[in-house]
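Next up: a single chain in structure tokens, the form predicted alone.
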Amino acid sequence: MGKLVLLDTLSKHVGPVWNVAWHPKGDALATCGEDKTVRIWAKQGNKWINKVVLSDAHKRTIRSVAWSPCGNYLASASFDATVAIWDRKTGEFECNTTLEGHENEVKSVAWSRSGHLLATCSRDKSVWVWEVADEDEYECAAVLNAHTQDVKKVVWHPEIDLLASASYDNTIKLFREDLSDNDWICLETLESHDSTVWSLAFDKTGRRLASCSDDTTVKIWKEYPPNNPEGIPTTDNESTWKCVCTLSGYHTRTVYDISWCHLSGLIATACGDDIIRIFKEEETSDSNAPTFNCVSSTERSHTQDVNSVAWNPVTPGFLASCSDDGSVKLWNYTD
């Protein structure tokens, strides 16, 4: 078993904190919440302090924040149906662009690896893909209406422009641009969860995807490309994705978020039972039927629902979490 040690508790938000997102350099953390603010934290001496408060762009709860790959832009998605793009060209963070188009609450926002695409999703059942044109110009490249219910999460593949979305309709969908006609298409629908899929995370290769759900399970999906050695059939020269592992019996309530560390391979989950759990894959694991063990289950990680977890992209074992209890916590995991 490993050990998850609390390093710091950051308490500035008022009300639930919904999302945590590390700067690509790992030296700053963005958080957002019901108080309509985005807060940016950085280390000063041995303590993490709230350096910046962004509070002018949204009229309702801010549900999701995401840094661009270059680290110069921060996107925030709100229940007011807008997405704000912040930058600090003047030295101070300012909102220079507001993306409008969703009919109601925007639940998630994510940048592609290249930084040229931005994805958003909403309670209006749609996923939007935005192209970053010139500086501060964002054009809607696609409105994807493949889901039949509220879309909870969008995440990009770590290498290519493949987009995954999770929904209240119990499914995960994969999208990419069809270069023959510049139209975005739904490649595949992944079905195995029995209830709302809340969040998704690719591993560092992008060949596996983890999902978490209201059904209290975590599922691991594996990509099988055309002509795969396992003989899994594919169609139209496209990869197919299969559920190769289900982690059940660990969580007692809804699993709201999941983060797959690209440095260590560890998976962290955020659960409605107030607990953060860490899963580690067995070294001798069969890639077509992998085995993951729960190596840490910290009792009462927070005093209310854990809403989001994120591994630091630079420092192995460094984890951030946030909760309905209004706090942001920083942890260190060691084997």
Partner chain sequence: MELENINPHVYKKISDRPILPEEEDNDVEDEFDSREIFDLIRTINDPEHPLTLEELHVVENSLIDVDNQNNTIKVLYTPTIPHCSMATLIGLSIRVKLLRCLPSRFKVHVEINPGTHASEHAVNKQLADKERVAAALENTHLIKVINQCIVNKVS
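Residue numbers count along the first chain shown, from 1. Because the structure is a prediction, the values reported are computed rather than measured.
Only in words, not in the display: the form predicted in complex with its partner chain, which the text now covers.
Exercise for review: Could you tell me which stretch in 179-187, 232-240, 193-201, 130-138 has residues with non-hydrogen atoms within 4.5 Å of its partner chain in the predicted bound form?
Suggested key: Going by heavy atoms within 4.5 Å, the stretch is 193-201.
Check your understanding: Which one of Gln304, Ser55, Asn50, Ser285 is close to its partner chain in the predicted bound form, taking close to mean a heavy atom within 4.5 Å?
Key -> For this set of options, the contacting one is Gln304.
Review point. Can you pick the one in Asn170, Thr97, Ser126, Thr82 that has a heavy atom within 4.5 Å of its partner chain in the predicted bound form?
Key: Among Asn170, Thr97, Ser126, Thr82, a heavy atom within 4.5 Å of its partner chain in the predicted bound form occurs only for Asn170.
Check your understanding: Are any of the heavy atoms in Trp311 no more than 4.5 Å from a heavy atom of its partner chain in the predicted bound form?
Key -> Output for Trp311 is no: heavy atoms all beyond 4.5 Å of its partner chain.
Check your understanding: Even though its partner chain is not shown here, does Arg63 get within 4.5 Å of it in the predicted bound form, heavy atoms only?
Key -> Heavy-atom contact with its partner chain at 4.5 Å: present for Arg63.
Review point. Heavy atoms within 4.5 Å of its partner chain in the predicted bound form: does Arg253 have any?
Key: Because a heavy atom of Arg253 falls inside 4.5 Å of its partner chain in the predicted bound form, the answer is yes.
Review point. Does the 4.5 Å heavy atom contact test between Gln149 and its partner chain in the predicted bound form come out positive?
Key: Within the cut-off, so yes.
Review point. When you measure heavy atoms, are Trp18, Glu105 and Asp324 every one within 4.5 angstroms of its partner chain in the predicted bound form?
Key: Spot residues vs its partner chain: full contact, yes.
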